[in-house]
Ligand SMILES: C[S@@+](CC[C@H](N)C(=O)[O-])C[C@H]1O[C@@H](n2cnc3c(N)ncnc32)[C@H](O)[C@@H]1O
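For reference, the chain that follows is the form predicted alone, supplied as structure tokens.
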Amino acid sequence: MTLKEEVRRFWDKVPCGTRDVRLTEGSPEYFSAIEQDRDAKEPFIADFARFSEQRGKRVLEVGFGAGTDFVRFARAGAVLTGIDLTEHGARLVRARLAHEGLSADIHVGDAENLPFADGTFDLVYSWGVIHHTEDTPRAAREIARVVKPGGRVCVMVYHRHSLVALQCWILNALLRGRPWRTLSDVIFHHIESLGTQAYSLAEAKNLFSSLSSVAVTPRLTPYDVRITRNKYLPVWLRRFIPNRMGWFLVIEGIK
């Protein structure tokens, strides 16, 4: 089995954001629980996605998962297209749109081979996705290809020099008597689907070097201050930890 098939199987089994939901899949309550959890853990997403600014604009989301960000673009009135590697994710999103009386163009496909013409979209958005594909630079080039001149890219990838990466190294290298393992190695093998990659700030910016302007913002997350899987340091204490140690790198660029 290829690495890409391994990744597809992993996310088809449990679409992103659904792991801890214990409600009937596809029900309104199920989708509401996913949305509430995402808001609680990643309330800063709206600052980067700018959902309210997308009315009438052509928006592509690469890797929509269970569709929480995707449906917000639809609610905002975007002319919306989405592509995901999994049939499971596509089924969930179609059901979610139907529940709300919304519509969008849904595709199952590969971020490394986007089935769209050059310069099609005003915004291409991808949150925590392309670091899971085997050839992330190729996926980045595809995203840059399909955005219009003057259009915007917003992509989140994982940060190698973060507290999450350090926790992963301690658990899977240091405490297992293998301190020579690198951060990249433990992330590749032990975070989410096999093959997960993470980047420095400079590497993340370089993924989209073909754009006319690129900025990379590190963002501290609850995952950086996790005590157990579902317990986190209190919010007041997190304020003392700088964003530069955060697990998320948000790349924003203009073509």
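Heads up: residue numbers just count along the shown sequence, starting at 1. Quantities reported herein were computed from a predicted structural model and do not represent experimental measurements.
There is another form of the same protein, the form predicted together with this ligand; it is not shown, and what comes next is about it.
Residues with any non-hydrogen atom within 4.5 angstroms of this ligand in the predicted bound form fall in just one of 126 to 134, 141 to 149, 164 to 172, 73 to 81: 126 to 134. Interface residue among V93, A104, V157, A111, judged by heavy atoms within 4.5 Å of this ligand in the predicted bound form: A111. With the partner removed from view, the residue among R226, R50, R38, H190 that has a non-hydrogen atom within 4.5 Å of this ligand in the predicted bound form turns out to be R38. The closest non-hydrogen atom of V153 lies beyond 4.5 Å of this ligand in the predicted bound form. At a distance threshold of 4.5 angstroms between non-hydrogen atoms, W11 is in contact with this ligand in the predicted bound form. None of the heavy atoms of V250 is located within 4.5 Å of this ligand in the predicted bound form. Counting a residue when any of its non-hydrogen atoms is within 4.5 Å of this ligand in the predicted bound form, the hits in 66 to 91 run D69, D84, L85, T86.
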